[in-house]
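Before any questions on binding or motion, here is one chain by itself as structure tokens, the form predicted alone.
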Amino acid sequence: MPVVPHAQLEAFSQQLLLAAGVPAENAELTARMLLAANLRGIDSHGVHLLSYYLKQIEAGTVHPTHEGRVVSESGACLSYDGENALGQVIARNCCDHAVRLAKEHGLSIVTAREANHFGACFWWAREIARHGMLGFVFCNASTLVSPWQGKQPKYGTNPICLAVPPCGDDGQEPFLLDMATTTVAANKIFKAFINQQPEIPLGWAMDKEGVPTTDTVAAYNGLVSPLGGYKGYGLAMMVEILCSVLGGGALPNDLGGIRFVTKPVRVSHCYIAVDITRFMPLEEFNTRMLALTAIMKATAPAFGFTEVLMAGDPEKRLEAQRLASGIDIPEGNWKDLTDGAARLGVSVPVV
């Protein structure tokens, strides 16, 4: 398994995007945010996604130079048409609009349609939160999950994300929740399949008949398990309403997916920004947030555990380790990236 230094892997990813026709600023953004996911241990949303993005650009199902456009703006509400641009480009533009409108109105909601996969949600919620705001980010996704009590894929992993502003001694946010409304992100199953991992943990997925399975191939061709059964189904529908229904985008049955190059992905996003200073001084909020964190972490750990953590803590610790030691890239994912480099005439770093 290659271990690649962070800076080297980011530069390689950027070169791949540039060779595919992505403008320099957008190539840098996309590479940087994918690597940020790897650094935090969210490998399912890291550089391995790049091989999918490149194939979509080559097939013409993602446009490498589009930026999207504002469809309408009314008060604190904005509707955006991604025009099939890279998901990261759409997300950056929508975050900028969300922050701008929240500064003016106290809060804002921005929806985007005709969009693409934008990587891990945490990056975009954090971009909003760094302006002294609460950042909420949601998106719908290609159909991999069955409604509760069904056995046909009708909706996606539909993640939910909330970030608070950075504060405290480490200069990072004390709470950063980024979770799929399924037991795991679908990309964890795809990653296991690409790397020929024979089994996955029980509870991750079901086969085509809706029966829980640990067989990776059956899971890849089957269904992702909803989080908490009917509760995950309900949360996923909430995300679907905020994204595709409210945003005027494609409903689940009309979506493509990052694994496919025959049709556009067409997902929808939703970004909500809340200006904390409309409620209290930011310093007061930060103090209260750190107090809440301290209360939770003071909990006596259960049997088998040594401490209680907050959302985002494990990722912050792993980020420090990987910045120092490099990023492990499984053989199957590395082959996909080097195959893309060969097609595009990009030199592969020596590892």
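Numbering starts at 1 and runs along the sequence shown. Superpose the two forms; the largest set of C-alphas matching within 1.5 Å is the rigid core. Please read these numbers as outputs of a predicted model, since none were measured by experiment.
A second form of this protein, the form predicted together with another copy of the chain, is not displayed here; the remarks below concern that form.
For this session: Would you check, heavy atoms only and a 4.5 Å threshold, whether Ala218 touches another copy of the chain in the predicted complex?
Result: Output for Ala218 is no: heavy atoms all beyond 4.5 Å of another copy of the chain.
Exercise. Is there any non-hydrogen atom of Phe118 lying within 4.5 Å of another copy of the chain in the predicted complex?
Worked result: Contact with another copy of the chain, no.
For this session: Determine whether any heavy atom of Glu209 comes within 4.5 Å of a heavy atom of another copy of the chain in the predicted complex, and answer yes or no.
Result: Because a heavy atom of Glu209 falls inside 4.5 Å of another copy of the chain in the predicted complex, the answer is yes.
Exercise. With the partner left out of view, is Glu127 within 4.5 angstroms of another copy of the chain in the predicted complex by any non-hydrogen atom?
Worked result: No, no contact at 4.5 Å.
Exercise. Which residue among Asn93, Thr183, Asn195, Ser142 has a heavy atom within 4.5 angstroms of another copy of the chain in the predicted complex?
Worked result: The option sitting close enough to the partner is Thr183.
For this session: Consider the chain as shown here, without its partner, and state which of Ile200, Cys167, Val261, Ile109 has a heavy atom within 4.5 Å of another copy of the chain in the predicted complex.
Result: Result of the distance check: Ile109.
Exercise. Pick from 51-59, 308-316, 23-31, 37-45: which stretch has non-hydrogen atoms within 4.5 Å of another copy of the chain in the predicted complex?
Worked result: Heavy atoms within 4.5 Å of another copy of the chain in the predicted complex occur in 308-316.
Exercise. Across 131-150, which residues bring a heavy atom to within 4.5 Å of another copy of the chain in the predicted complex?
Worked result: Counting only heavy atoms within 4.5 Å of another copy of the chain in the predicted complex, the contacting residues of 131-150 are Leu134, Phe136, Ser146, Pro147, Trp148, Gln149, Gly150.
Problem set entry | Core-superposed comparison between the shown form and the other one, Ala186 Cα displacement 2 Å or beyond | For Ala186, whose C-alpha is compared between the shown form and the other one after core superposition, the shift is 2 Å or more.
Exercise. Is Gly203 one of the residues whose C-alpha moves 2 Å or more between the shown form and the other one after the core fit?
Worked result: Yes; Gly203 is a residue whose C-alpha shifts (by 2 Å or more) between the shown form and the other one when the cores are overlaid.
Exercise. Would you say Ser108 moves between the shown form and the other one, meaning its CA shifts by 2 Å or more once the core is fitted?
Worked result: No, its C-alpha moves less than 2 Å.
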